[in-house]
Each structure stands twice: as C-alpha cells, then as structure tokens.
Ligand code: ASP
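One chain is shown next in structure tokens, namely the form predicted on its own.
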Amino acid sequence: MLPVVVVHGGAGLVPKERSEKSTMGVCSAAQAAYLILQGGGSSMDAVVEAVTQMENNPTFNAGCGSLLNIKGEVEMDAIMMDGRTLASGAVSAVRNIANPVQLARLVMDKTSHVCLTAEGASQFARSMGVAEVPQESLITEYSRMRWKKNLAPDANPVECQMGRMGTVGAVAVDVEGNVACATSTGGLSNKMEGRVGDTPCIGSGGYADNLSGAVSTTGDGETIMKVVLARLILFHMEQGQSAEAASDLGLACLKSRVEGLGGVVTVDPRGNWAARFTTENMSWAAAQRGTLHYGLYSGEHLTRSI
C-alpha cells in the first residue's frame, strides 16, 4: 500500500472553463510528489513538493493564483506538519513570498515557534535568504476579475461563491510509514485585511500524527476552525473509523453543527486514503502502486497508469 500521496486543489464551485486545468494541476502535483516517495524520499518532502507545484500554478487559490483581499492585495497562509514528531510550521498573512509552504517548513525547521505572521514572517524569510517577489507577480487576471465583480453592489451571490473557497493541500505516507500534511491558501476573495482562516491553524487546516493519519482541509475556513476539522477526523480514525468514514463524519459535523461546506484529503499510516467533499466540486488526485486516481465531481473516480 505504501507509499501514497493524495492532493486537493480546493473545494468550492469550480467554473467549467477552469475545471480541466484544475484537474490537470492536481494530477501533476500528485505525480511529482509520488516520484519523491518512490525514490525513498520522506512524506514531508513529498507534501511540500505537491503544494509548491500548486502554488506555482495560477489555476489555484494559493501562491501565484491567490485571491485578493478587500484592498486588492494578496495575503497568504500555509501550514505543514510531521506526523513522526508532531513538529509543525505555519505562516499567515504573508504578501511577497512565492511559496508560503516552503516558508512554513523553515518556521518548523529553523525556529522554536509554530506560526509566524505578516511582517514578522517576512523578516524571518529575509533572514533565511528567501527571495521576495513583487506583489503583481502573484495576481492573476482571474483573481482581479473576481475581486472587482465581488465589489459591485449588485454582485451575484452564486458568482461570489466561485471565489469564496479554494485551498490547496496534500497528505502522504512514505515507505517508512511516516505521515505528513501541508496546506496553502490565498484565502477568501474580498476578505478583510488581516483575516486569517483555518489553513495555518494546527488541527484545522491540517494535522498529521503517525498514530492515526494525516488530513488536509479546504472550504469555509471560519466554520472549519469551529469544529477543528482535521483533528476531528483523526479522532474518528482513532475510534476505529476508516479514512473515508472518518472524513464523511467530520464533514457531516461541519455541515450540521455550523452549516459549513468543505473537503478533505485523508490518509492512515497503512496507506488507506480518501478524498471527500460536500461542496459542488473539489479537484483531487492520489498516486499509489503505480496508479493515478483523480476526480472533480461528486462520485467521480477516474484512474490511469503513472
């Protein structure tokens, strides 16, 4: 069953004209991460590679495709966690960093802290030699269009929803049975300046523990934080539920308790995995035993050889 990697490109309402690119993007990210695992690389390296690939893809709401806050600016969040030691690193509200997930790993590896935010995170990035990029390089025509449309007094709520959700993430198990997770986002379109969602919050945006498994979440961040979704799913797995059943239970609680919608990718230490969501769409892909699994719509599960 090992190794395995599962990635998501964000839960929400994916416009039809972006669906193919979204599916292709998660498939590419999963394959790149799987190559690392096949070569004996760690689950940590694999999830960082998968998320970095998606941060570099303007299709996704992370890195160079990030949605914009109310001022038309980029503010990004990311987290990663090592299931072997429970070490974690996160950043929030960072602005001029091409790959926030890589900065989150540096927080984990090079500091005694778990999360750095805003200017403090930027100062740390400079001290680590991480190159800053111009804000404009992270803004796509699509994200600016969504921002402008959502500003309109007569903005269509359904269209606004298209830009409301969407986070990228990955979970993996390496050949040694170590699990890891990573999640990255540009946040909500037209969010208040300084808003931080679930992504960098340990237990909400992601969680990894070799004793139970790993989860990366996506969806309505304000509700995900209220039920601590990633940790809730692992609690159900600790009670004997499968990765898929635990994911469904967590998402059902999110919906019934706080009227939240979202999606997750989940693995257990033996390599069993799930990609589940309650939104209209969620692009996802998994690589295991030489086969690529992927989908976008509810009930869709396609496969092809890697």
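This structure is a prediction, so every number in the text was calculated from the model and none was measured. Each residue number is its position in the shown sequence, starting from 1.
Keep in mind the form predicted in complex with this ligand is missing from the figure; the text below concerns it.
Original post:
Does T218 reach this ligand in the predicted bound form, with heavy atoms at most 4.5 Å apart?
Top reply: Close contact exists here: in the predicted bound form, T218 approaches this ligand to within 4.5 Å, heavy atoms only.
**OP:** Find out whether any non-hydrogen atom of R195 is located within 4.5 angstroms of this ligand in the predicted bound form, and reply yes or no.
**Re:** Yes.
**OP:** With heavy atoms only and a cut-off of 4.5 Å, decide whether P100 touches this ligand in the predicted bound form.
**Re:** Outside the cut-off, so no.
Subject >> Contact flag, G89 vs this ligand in the predicted bound form, heavy atom cut 4.5 Å >> reply: It does not: once this ligand is placed as it appears in the predicted bound form, G89 has no heavy atom within 4.5 Å of it.
Subject >> Stretch in contact, per heavy atom within 4.5 angstroms of this ligand in the predicted bound form, of 219-227, 90-98, 116-124, 145-153 >> reply: Going by heavy atoms within 4.5 Å, the stretch is 219-227.
Original post:
Among V74, L232, L188, M108, which has at least one heavy atom within 4.5 Å of this ligand in the predicted bound form?
Top reply: Flagged contact: L188.
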